[in-house]
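For reference, the chain that follows is the form predicted on its own, supplied as structure tokens.
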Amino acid sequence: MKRVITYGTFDLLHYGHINLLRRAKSFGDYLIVALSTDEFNENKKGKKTYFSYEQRKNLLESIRYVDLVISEEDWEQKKTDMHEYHVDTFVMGDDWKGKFDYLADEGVEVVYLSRTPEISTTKIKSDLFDTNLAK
């Protein structure tokens, strides 16, 4: 069985997220999603999520492409995760291109996928904010 892993916050789940998960799953048989915890998002990534970790986890677990959701608690855990979960392929969006190439030294294939260009959580938040100002 070929195992694939991806990481992210997955807040305000949208079709860009689904596209990423579908494409990530196509690299193997079993897709693991490492979901950033609320604490990691706030303390290390400097962002606050709309949905809590548990809510985001429940959403991800309902998606047919996702086989397992684990928590992402710090940047450094990626090396450990590759071995603990016997990962074959590491997949991220191309806005991270080059940042995780070091994981190839852990024996995994590193793949960066292009994002769905017209949608992002940041765009949704911005559009909602702009819409509210216009009222």
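Nothing here was measured: the structure is a model prediction, and the numbers come from that model. Don't overthink the numbering: it's just position in the shown sequence, from 1.
Same protein, other form: the form predicted in complex with a small molecule, not shown, and the subject of what follows.
Just one of E84, E42, D95, D29 comes within 4.5 Å of the small molecule in the model of the complex, counting any heavy atom, and that one is D95.
Heavy atoms of S114 reach within 4.5 Å of the small molecule in the model of the complex, making it an interface residue. Shown alone here, K47 lies within 4.5 Å of the small molecule in the model of the complex, counting heavy atoms only. Residue contact with the small molecule in the model of the complex: K57 places no heavy atom within 4.5 Å of it.
In the model of the complex, the small molecule sits within 4.5 Å of a heavy atom belonging to F100.
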